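As a starting point, one isolated chain is supplied in structure tokens, in the form predicted on its own.
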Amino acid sequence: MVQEVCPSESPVLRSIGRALPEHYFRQEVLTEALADEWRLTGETRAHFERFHRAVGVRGRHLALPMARYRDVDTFAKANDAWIDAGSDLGTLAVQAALAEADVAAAEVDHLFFTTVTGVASPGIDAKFINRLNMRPDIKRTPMFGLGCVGGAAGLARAADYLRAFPMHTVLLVSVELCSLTLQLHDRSVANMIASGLFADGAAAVVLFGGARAGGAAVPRILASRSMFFHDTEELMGWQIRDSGFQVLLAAGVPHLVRTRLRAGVDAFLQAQGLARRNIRHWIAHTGGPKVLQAMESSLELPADALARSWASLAAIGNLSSASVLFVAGDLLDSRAARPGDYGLLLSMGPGFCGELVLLQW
């Protein structure tokens, strides 16, 4: 028995704008350049090339031309580049989302901003506000450190806000320039994998409160749930060094997803009067082949359930918090969802944690 939900009380995901840097490189070009930079030879080079092939990425967009990365040799230089490139890319994503939703920048009441690849105070969300002449009374909620889970968590927190202010309009922005965190001195397995998996991009989402949602054929956010797995901080995150963000990426992540995700998803859906069989659209962040396979295994999903996530991973790599928003945007663009369909948007990230967002069209 499906729990009855009053649709007019649920916030609406109205549009998703996406932006990618202009500098695109095929994976084999990036692999060769890094192998040369690290002077890898023989079996070590072959092993590194296997890492890059195994992540299933065909090509990636990077914030800077390839030749410039050697000069980004300090935390300060990398962060300055993040501020400059991130401000431009985020503005493009915001403009795309506002145009798709037919919303003026001055109509936005609250801006949520998530990132894990750079720091600034004021945050670069202030750049968006100034460039687009948003209202002086706009509310701001910066969210740093959530990593890949940040896009889903941002949607959930924005929806929580809109339930309290159902006449408001919210903008969620994710900017992730993962390439600017690359540590050229670090030849660890974790860094080698990350150097082939992560890429750059920005996404922006316009959300309406339930009272002003209108009749657009877009999903409502019915509910959300956070999942925190105690004593797993060592699985994923950053180690902050003088040179910047050094990746922490443990081999145990897929195992945790495979063994712990199902219980959290089932408990969440059961609380809404639903089960996995009721979910028609699965929107998962592009965590890499082993993470996607672990999700499929844990949730006993049909073979094509995560097809959009696999396709996004292959086409543009893992964009951290922006990834799940790109996948959601691909679903909206496809117009594959029908009235009444349920969707579950899910991400996993540092903590170790997860975020679940239940949608209905």
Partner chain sequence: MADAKAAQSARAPHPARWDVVIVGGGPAGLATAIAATGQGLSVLVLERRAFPPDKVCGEGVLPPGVRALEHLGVFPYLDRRWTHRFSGIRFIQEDRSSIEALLPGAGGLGIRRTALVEAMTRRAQDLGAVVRHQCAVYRVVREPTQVVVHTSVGTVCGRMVVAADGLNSLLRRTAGLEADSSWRRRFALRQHFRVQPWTDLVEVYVDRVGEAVVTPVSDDCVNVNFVWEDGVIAEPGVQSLARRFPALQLRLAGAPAISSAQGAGPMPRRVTGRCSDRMALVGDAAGFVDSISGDGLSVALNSALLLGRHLPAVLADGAMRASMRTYERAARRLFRRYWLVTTGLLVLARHPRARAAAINYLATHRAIGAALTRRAMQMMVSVA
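Residue numbers count along the first chain shown, from 1. A quick note: this is a predicted structure, and the numbers were derived from the prediction, not measured.
The protein also exists as the form predicted in complex with its partner chain; that form is not presented, and the subsequent description refers to it.
Asker: Looking at T169, N79, S87, Q95 here, can you tell me which has any non-hydrogen atom within 4.5 angstroms of its partner chain in the model of the complex?
Answerer: Going through each option in turn, the one that passes is Q95.
Asker: Only one of M66, A311, A54, L301 has a non-hydrogen atom within 4.5 angstroms of its partner chain in the model of the complex; which is it?
Answerer: Only one option qualifies, and that one is A311.
Asker: Of the listed stretches (292-300, 66-74, 35-43, 311-319), which one has a non-hydrogen atom within 4.5 Å of its partner chain in the model of the complex?
Answerer: It is 311-319 that comes within 4.5 Å of the partner.
Asker: Under a 4.5 Å heavy atom criterion, is D102 part of the interface with its partner chain in the model of the complex?
Answerer: Looking in the model of the complex, residue contacts with its partner chain include D102, since a heavy atom lies within 4.5 Å.
Asker: With the partner left out of view, is A307 within 4.5 angstroms of its partner chain in the model of the complex by any non-hydrogen atom?
Answerer: Judged by the heavy-atom cut-off of 4.5 Å, A307 is in contact with its partner chain in the model of the complex.
Asker: Considering non-hydrogen atoms and a 4.5 Å limit, does its partner chain approach H47 in the model of the complex?
Answerer: No, H47 sits far enough from its partner chain in the model of the complex that none of its heavy atoms falls within 4.5 Å.
Asker: Taking its partner chain as it sits in the model of the complex, is V12 near enough to touch it, meaning that at least one heavy atom pair lies within 4.5 angstroms?
Answerer: No, V12 is distant from the partner.
Asker: So which residues in 21-60, when you check its partner chain in the model of the complex, have a heavy atom no farther than 4.5 Å from it?
Answerer: Those in contact are P21, E22, Y24, R58.
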